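Only one chain is shown below, in structure tokens, and it's the form predicted alone.
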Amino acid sequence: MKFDTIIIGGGLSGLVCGISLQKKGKRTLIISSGQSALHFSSGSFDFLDRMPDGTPVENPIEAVSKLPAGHPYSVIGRENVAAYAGNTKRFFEECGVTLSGDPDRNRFRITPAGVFKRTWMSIGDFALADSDREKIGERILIVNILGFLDFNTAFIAEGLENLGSQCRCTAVKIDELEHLRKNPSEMRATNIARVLDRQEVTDKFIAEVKAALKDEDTIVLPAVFGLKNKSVTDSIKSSLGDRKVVFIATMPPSVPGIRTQLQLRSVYEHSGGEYLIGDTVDKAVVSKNSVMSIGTVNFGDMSLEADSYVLASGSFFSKGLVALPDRIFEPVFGLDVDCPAERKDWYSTQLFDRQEYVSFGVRTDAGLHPFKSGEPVMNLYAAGSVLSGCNSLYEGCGAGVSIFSAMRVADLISNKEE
């Protein structure tokens, strides 16, 4: 089977790259092993929260020019990063995903612990604040669903009360969810969302919230609504009148993150792209610094061929990188990986220290071609968290690297073929 481009990885980076290439008239295939980091998303996209030395960042576009040469943003180039950042909101809106935020500045989101964290843009469910000391309301009702343990109302109340708000917590009982409570592992955000996607159940939830209200001006709810249909969250906001409704992310899995992935995949497939889920690339033929073909577990002896290939397989979480006691490697192509030789340099024994292994990844040239045995593979590109040079957790740049590198790769492939 022959394609213009084969993309390995069906998460944020792979889907953005695939949609971008489909818009440019290319025939693409995405191979996805299953879950991606979007399933564990906060619902916000980070661009650059702080510099590698820990300095907080207010304007991420301005800060890009001060990053080290090996950082993915430096490889992409400041002007390109600025252009892609300016296009991100429009790109997602064209895909049916509404984002709030501004291209050239960071704001703040409320975490499941009730404190503010710097971020860039958020999926439309979530409100952004201009300051980490901003009150979201004077009198706040924090509503949970009875038996749901992944939304800690006490933590949230404490954090908001530290900012001067008065908080009251309650939990509502929904009969249609009672069967999930028989097994705590079933009382998870996605399972709850599947039930609440039914309008009649959402209406019951709204009625329970209205009955619990006193003089509160703001209502805080867990983000467990609208797994497949964002109109559910809009319906809740409109039904609760003039009171401010704030959704806060729960512990994973992430309902808004999964909804975003499903929406991006739908757009990709409707544009003509082919999406293989539940398959893994297990072999590749590389000759004279070019990928000739790849094979997957499900396709067996049948080879897949393309003019270009994109490695968007992620980092350790999605097995885009594999760590053994004595080495770290990229499992598909055997690419060169940037990491120290000594295991003791991979991590800190202090849990909350900056962990260096997060910055490990494949080495690339200025064209995002990864290296194999010291030489760039010229029809192979790397995008997303498989790239080396940044600590996405410490710097808060994971989503930005995924989105901008995917857009850059799509442009590079198109420009090369033209």
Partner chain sequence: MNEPEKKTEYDVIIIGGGATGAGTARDCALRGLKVLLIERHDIATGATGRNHGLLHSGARYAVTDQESAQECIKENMILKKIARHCVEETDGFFLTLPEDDLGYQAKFVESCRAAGIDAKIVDPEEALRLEPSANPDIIGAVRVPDGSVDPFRLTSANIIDAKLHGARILVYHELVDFIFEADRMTGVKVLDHVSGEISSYYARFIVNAGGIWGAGIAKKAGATVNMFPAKGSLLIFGHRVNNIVLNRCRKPANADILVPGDTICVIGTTSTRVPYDEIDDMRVTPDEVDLLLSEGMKLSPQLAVTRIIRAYAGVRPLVAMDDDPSGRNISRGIVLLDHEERDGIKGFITITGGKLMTYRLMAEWTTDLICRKLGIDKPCVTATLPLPGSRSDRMEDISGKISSVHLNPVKASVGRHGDLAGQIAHKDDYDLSLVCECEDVSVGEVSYAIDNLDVNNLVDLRRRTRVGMGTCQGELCACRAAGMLAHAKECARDARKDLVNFMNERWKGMYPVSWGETLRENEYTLWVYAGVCGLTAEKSEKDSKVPETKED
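Small disclaimer: the values here were computed from a predicted structure and weren't measured. Positions refer to the first chain, counted from 1.
Another form exists, predicted together with the partner chain; not displayed. Remarks below refer to it.
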Q.
Please tell me whether the candidate spot formed by K24, K89 and N229 is one where all three residues come within 4.5 Å of the partner chain in the model of the complex (heavy atoms).
A. no
Q) Heavy atom to heavy atom, is L351 within 4.5 Å of the partner chain in the model of the complex? A) yes
**Q.** Exercise: R133 in contact with the partner chain in the model of the complex, heavy atom 4.5 Å
**A.** yes
(Q) Check L393 for me: does it contact the partner chain in the model of the complex (non-hydrogen atoms, 4.5 angstroms)? (A) yes
Q.
Please determine whether V115 contacts the partner chain in the model of the complex, using a 4.5 Å cut-off between heavy atoms.
A. yes
**Q.** in the model of the complex, the one of F126, F333, Y84, F108 near the partner chain [non-hydrogen atom within 4.5 angstroms]
**A.** F108
Q) Considering E138, E178, E79, D102, which brings a non-hydrogen atom within 4.5 Å of the partner chain in the model of the complex? A) E178
Q. In terms of non-hydrogen atoms within 4.5 angstroms, which of the given stretches 24-32, 374-382, 66-74, 53-61 touches the partner chain in the model of the complex?
A. 53-61
Q. What residues in 31-56 sit within 4.5 Å of the partner chain in the model of the complex, counting heavy atoms only?
A. F40, S41, S42, P56
